[in-house]
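Next comes just one chain, in structure tokens: the form predicted on its own.
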């Protein structure tokens, strides 16, 4: 497709970036540098008017919301925490799939009067337990979630689970399924109106690529 209008796409390093590459290539976009080896945060591509910005996964919705990027690829987990304001989420790309789960030690008491739950997904955890009518104390952590129940910091954790091997290695088990997670294409609301031709063209190309994968 033709890119006569400048377009900036926000991506994060790692799994999402790697699994986005075939979708970008389907649309005729090939980055000229590898973010894993390059120190550049703005990558030129095979399309003169298309640039990629490489940022932290949790920042992708913010860059798109405020127009620093026209489009982005973000996990549904990140979007749930962000709240989705100021952007559209028109397409499930069906990449980087996993599950948001409640986990803990085998036989953990899920009906205790006041559970302590460790997670970095505070908004998601609060919404989930509130919908069940349960009072919980949320303890925000940024990593090593599996440690919390083992040292008595929390009764349960809420975290992403792909294979379950990390839980198993630490003596934990998945207890409740909150939602399925995959990465979504997100679009800035102003870009959707002002750059509609190119944005809608990219959307269709990504949709075709996702459906064929």
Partner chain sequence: MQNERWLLPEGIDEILPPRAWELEQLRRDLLDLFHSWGYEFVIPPFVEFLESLLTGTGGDLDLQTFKLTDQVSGRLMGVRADIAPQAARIDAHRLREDTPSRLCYLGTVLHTRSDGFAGSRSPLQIGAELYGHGGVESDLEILRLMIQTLDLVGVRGVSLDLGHVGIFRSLAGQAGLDSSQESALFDALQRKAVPEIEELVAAWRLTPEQALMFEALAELNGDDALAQAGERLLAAGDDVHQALAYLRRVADGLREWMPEVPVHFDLAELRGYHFHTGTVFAAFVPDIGKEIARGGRYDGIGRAFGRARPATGFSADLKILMQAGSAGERDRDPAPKILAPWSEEPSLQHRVMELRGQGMRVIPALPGQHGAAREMGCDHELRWINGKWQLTPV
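Residue numbers count along the first chain shown, from 1. As the structure is a computational prediction, the values presented were derived from the model and not from experiment.
The same protein has a further form, the form predicted in complex with its partner chain, not shown here; the description that follows concerns it.
Picking from 61-69, 162-170, 40-48, 148-156 the stretch near its partner chain in the predicted complex, with a 4.5 Å limit on heavy atoms, gives 61-69. Taking the partner from elsewhere, residue 107 is found to have every heavy atom lying beyond 4.5 Å of its partner chain in the predicted complex. Contact annotation for residue 81: none of its heavy atoms lies within 4.5 Å of its partner chain in the predicted complex. By the criterion of a heavy atom within 4.5 Å, residue 15 is excluded from the residues contacting its partner chain in the predicted complex. In the predicted complex, its partner chain sits within 4.5 Å of a heavy atom of residue 91. Proximity of 97, 124 and 128 to its partner chain in the predicted complex is absent: no residue of the three has a non-hydrogen atom within 4.5 angstroms. Applying a 4.5 Å heavy atom cutoff to its partner chain in the predicted complex picks out 184 as the lone residue from 167-185.
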